[in-house]
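The data below hold one chain only, encoded as structure tokens and taken in the form predicted on its own.
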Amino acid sequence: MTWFYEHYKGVSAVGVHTEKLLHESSSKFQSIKVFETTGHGRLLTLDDMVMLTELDEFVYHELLSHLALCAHPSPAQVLVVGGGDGGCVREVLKHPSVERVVQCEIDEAVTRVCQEFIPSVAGGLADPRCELVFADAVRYVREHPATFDVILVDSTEPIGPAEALFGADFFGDIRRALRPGGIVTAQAESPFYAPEVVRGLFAAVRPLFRHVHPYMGFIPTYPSGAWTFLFASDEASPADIRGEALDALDARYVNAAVATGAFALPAFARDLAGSPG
């Protein structure tokens, strides 16, 4: 047994006690590892950065998925950008109105590893409503205008292939890829350790959509534990989130009360996102 540490930008480290390395490989894009841990279930890392643990991944995937899906009156066509582990697809498929969910992931190896070693997260990828696309999401979004009701941007941090997923050009293409009334949510990094990413993302997106709102959740194995998300739409706002729909879900983190509280940000995070309140 040993410890896995993710050292984040030279300012912090998160340690997880591991029992065994179950898988190690290198794809065209990154190194992929899966560990069995003492208290966190299975751990997935990409380039030695924590992507998920079975202990707390549900918090991230539920927050990224359900608030948008419960704000849309009847989401039928959903796109997950990135999200190769399948966690967002698992959550999307809990909504009976969904007819198709496309997961567009650039690295097929990540998905195949998760299907084999972390089926608790990736099990939904075998559902007939799920379409797996292994391609550059920037190009895919650009080539599919007016196609999706909800788009979930489940990206890694903005380095390498994921860097373009935080820019104004990409979110302009997302706006065009949405149907009328469409909603996009995205992970927006740590307000403590990546304030420049939070600030830059909201500055890029705010001119593109009528409604742009930050919200937050708490994920123990992510740097600082506090994580920021983005909600944007031309028509929908957080006021449209149906609390009764959230409460009826098979969910472990989100409910009507959590959804309300998630948008009540501390002042410093609200200021990063340029939100008036």
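From 1 onward, residues are counted along the sequence shown. Note that the coordinates shown come from a computational prediction; the quantities given were computed from them, not determined experimentally.
From this point on, the text means the form predicted together with another copy of the chain, which you will not see here.
Here the chain stands by itself, but in the model of the complex one stretch of 206-214, 231-239, 37-45, 22-30, 37-45, has heavy atoms within 4.5 Å of another copy of the chain. When contacts are defined as a non-hydrogen atom within 4.5 Å, all of Leu55, Phe58 and Ala264 contact another copy of the chain in the model of the complex. Though the partner is left out of this view, Tyr193 does reach within 4.5 Å of another copy of the chain in the model of the complex, counting heavy atoms only. Contact annotation for Leu249: none of its heavy atoms lies within 4.5 Å of another copy of the chain in the model of the complex. In the model of the complex, no heavy atom of Gly243 sits within 4.5 Å of another copy of the chain. Another copy of the chain in the model of the complex comes within 4.5 Å of a heavy atom belonging to Ala226.
In sequence order, Val11, Ser12, Ala13, Val14, Gly15, Val16, His17 are the residues of 11-34 having a heavy atom within 4.5 Å of another copy of the chain in the model of the complex; the partner itself is omitted from this view.
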